[in-house]
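First, one chain by itself: the form predicted on its own, in structure tokens.
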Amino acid sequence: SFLMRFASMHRLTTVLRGASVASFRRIFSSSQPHSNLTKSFAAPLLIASAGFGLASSGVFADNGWIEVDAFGVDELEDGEMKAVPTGQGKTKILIARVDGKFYAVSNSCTHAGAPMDTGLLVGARVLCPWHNAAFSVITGAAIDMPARDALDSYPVEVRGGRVVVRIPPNAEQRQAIEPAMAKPDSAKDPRSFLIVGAGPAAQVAAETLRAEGYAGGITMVTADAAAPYDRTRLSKVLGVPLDKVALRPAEWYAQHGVEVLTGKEVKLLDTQSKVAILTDGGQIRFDKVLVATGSTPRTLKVPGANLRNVHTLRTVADSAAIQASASGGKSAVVVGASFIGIEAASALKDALKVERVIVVGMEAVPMERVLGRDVGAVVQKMGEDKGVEFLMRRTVARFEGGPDGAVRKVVLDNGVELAA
């Protein structure tokens, strides 16, 4: 996801899961010239796409349903997939061949709309090229986050040596299928399930309970000010509105009987009495409890770390605060050169138009421990081409502020001072 925003290399991490850096270089060099990669941080680049020529496909209407004559059976080998147009606007379907059988699902990832044909087919699972969400190509079911809704699935038959797919007339509007869920009914099931935390894990837990037939009460408690949202987008679009990152609309929780208590913290779980005690003195009874509070940003234990405009990024409020303090600014320093830091540097430079953006990292190149030195060097070069500066193998010694209590400079371990 960091590369989607920072360098537009959507398939890089997926390719590297099953290929060496040398293999990546071959794919990379055969896809597009390097000069095309650096035109925009956000312009899409599809590396080693599984797409084929589709001019021979035909679309035929039949009693409201549409038959798509996709291709000949010999045009797709076992373990391959490709996208085929449906004749409904720009909508495409994804057809995969697994163990000799053909399966068809919608081609747009239900998380962020990525074209699934540019992802990776592993057995009967198709992995999203942007954020690694996983779906079954047999049923369309979402089987790994960050996707929650299933891909639509369509019947396939082989007829006269051709692969033919039947799709509904509203296929363009049926790109995401929410799983069937039990209706809440306290009379039928008086149990209460408590979820401490309200991130993606909490959201999936609540949805899975309902999808598995649980009709009892579900309560989420979160210190955050909002119901579950997609934190991965906060570093891509600093200041993004809450409604753009919410995992589900507000009415979803009322519809499915999920109570979300925001701005609340649990200080004690009494597992014998089965009661959660909140910091404000409130109590919540439960039969079962799941603790899914997620992580806490690591802060620097150096002088000046509490100065105004020294930020960490975890919540929508954090993202908005960074936007407010950095928009149109002259200099911003990002401490940390992994996923969130690189994405934030991109957003600061591109969207917020900060004149000078400097990334400080302990490794030799960005994300070296995650992706290796060769790939990290590619990421650094792309950032530098966009005006982002990198000071690697460095740490922060202290922050210094002005009379107003706001940070003014970052002092590194070698004595270098950076205006911020």
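A residue's number is simply how far along the shown sequence it sits, counting from 1. This one's a predicted model, so the numbers in the text were calculated from it and none came from an experiment.
Only in words, not in the display: the form predicted together with a small molecule, which the text now covers.
Among heavy atoms of S235, some come within 4.5 Å of the small molecule in the model of the complex. Within this chain, G217 is remote from the site of the small molecule in the model of the complex, having no heavy atom within 4.5 Å.
In the model of the complex, the small molecule lies farther than 4.5 Å from every heavy atom of G336.
Contact annotation for G294: at least one heavy atom lies within 4.5 Å of the small molecule in the model of the complex. Only one of A142, L348, A198, I342 comes within 4.5 Å of the small molecule in the model of the complex through a heavy atom, and that residue is A198. Only one of the listed residues (V266, L120, V245, V260) places a non-hydrogen atom within 4.5 angstroms of the small molecule in the model of the complex, and that residue is V266. Stretch-level contact analysis of 306 to 314, 68 to 76, 183 to 191, 323 to 331 against the small molecule in the model of the complex, using heavy atoms and a 4.5 Å limit, identifies 306 to 314.
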